[in-house]
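Quick heads-up: it's one chain on its own, the form predicted alone, in structure tokens.
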């Protein structure tokens, strides 16, 4: 199967099921068997996913992509063993990062709900003309990418996390801040935006927020 078929949703599903790390093995760049350059699409997906993981408080080293050919069995074994060692050193998903089970579930559900939107953003704004791993890595660690990520994804991701939490039960702004690790001022801003969009409402009797 072409690595280009590996979707962001596949990675999120693995983490949602409690997997501590995800390893993706791809063909060498510029050596695509299907002439689709699917391995570049996979590299883009991995870089975006790592940024999202960092944003929601997960260690991005839990996701890794390595490029190799079918004839490089020793490289595959070496790469997987190294990754397994790294993941074991990091520790259990969520627990090490200080994210409780309910908050982790809400965060991963929130990202999953945004996958169609993220695919659109990737296709329209983040699909690159570069043809080397170095150029890709330079872009995805650049101020330009950070600006685009903040502009296109951060607010939608935060609001999606909030609505995912509220789907379970109404919560105060303080509890939302605690669960998601957001500053109270950020929660206030996102709640105002969510209220204007008709997504949430404030229950004065219970002094908390609920889905509209």
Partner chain sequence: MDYERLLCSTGPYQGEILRASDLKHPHKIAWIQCVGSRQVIEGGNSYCSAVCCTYTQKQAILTKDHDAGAECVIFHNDIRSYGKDFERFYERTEKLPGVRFIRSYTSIVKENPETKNVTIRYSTPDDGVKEEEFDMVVLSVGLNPPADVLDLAKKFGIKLNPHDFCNLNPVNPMETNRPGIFVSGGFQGPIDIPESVFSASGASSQIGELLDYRRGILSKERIYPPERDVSKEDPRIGVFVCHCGANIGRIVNVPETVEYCKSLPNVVYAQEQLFSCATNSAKEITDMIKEKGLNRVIVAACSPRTLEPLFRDTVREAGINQYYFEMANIREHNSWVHSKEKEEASEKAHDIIRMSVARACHLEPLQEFDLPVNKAALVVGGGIAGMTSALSIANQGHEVHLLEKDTELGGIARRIHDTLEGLDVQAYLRDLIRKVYQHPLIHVYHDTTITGATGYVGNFVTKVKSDRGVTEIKHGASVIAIGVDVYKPAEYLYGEDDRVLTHLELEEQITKGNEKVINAESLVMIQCVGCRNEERNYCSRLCCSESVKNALKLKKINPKMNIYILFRDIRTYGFKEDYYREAADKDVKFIRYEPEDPPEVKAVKDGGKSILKVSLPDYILGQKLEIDADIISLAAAVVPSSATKEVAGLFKVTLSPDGFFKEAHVKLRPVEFATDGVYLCGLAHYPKFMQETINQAYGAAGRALTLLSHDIVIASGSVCGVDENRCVSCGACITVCTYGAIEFYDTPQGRKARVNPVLCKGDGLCNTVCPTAAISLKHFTDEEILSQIDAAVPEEEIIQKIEAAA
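Quantities reported herein were computed from a predicted structural model and do not represent experimental measurements. Residue numbers count along the first chain shown, from 1.
Another form exists, predicted together with the partner chain; not displayed. Remarks below refer to it.
**Q** Is the partner chain close enough to 125, 184 and 199 in the model of the complex that each of the three has a heavy atom within 4.5 Å of it?
**A** Looking in the model of the complex, the three residues 125, 184 and 199 all stay beyond 4.5 Å of the partner chain (heavy atoms).
**Q** Taking heavy atoms and a 4.5 Å cut-off, does residue 24 contact the partner chain in the model of the complex?
**A** Residue 24: no contact with the partner chain in the model of the complex.
**Q** Does residue 2 reach the partner chain in the model of the complex if we count a contact as any heavy atom within 4.5 Å?
**A** Yes, residue 2 is a contact residue.
**Q** Indicate whether residue 189 is a 4.5 Å heavy atom neighbour of the partner chain in the model of the complex.
**A** Although the partner chain is absent here, residue 189 would stay clear of it in the model of the complex, with no heavy atoms inside 4.5 Å.
**Q** Could you tell me if residue 38 has a non-hydrogen atom within 4.5 Å of the partner chain in the model of the complex?
**A** Contact check for residue 38: yes, within 4.5 Å of the partner chain in the model of the complex.
**Q** The partner chain isn't shown here, but in the model of the complex which of 148, 32, 159, 173 has a heavy atom within 4.5 Å of it?
**A** After the contact test, the surviving option is 32.
**Q** Exactly one stretch in 52-60, 149-157, 38-46, 163-171 has heavy atoms within 4.5 Å of the partner chain in the model of the complex; which is it?
**A** Correct option: 38-46.
**Q** Scan 1-18 and note down the residues that get a heavy atom within 4.5 Å of the partner chain in the model of the complex; none is a fine answer too.
**A** Going through 1-18 in order - heavy atoms within 4.5 Å of the partner chain in the model of the complex - the hits are 1, 2, 4, 5, 6, 7, 9, 10, 13, 14, 17, 18.
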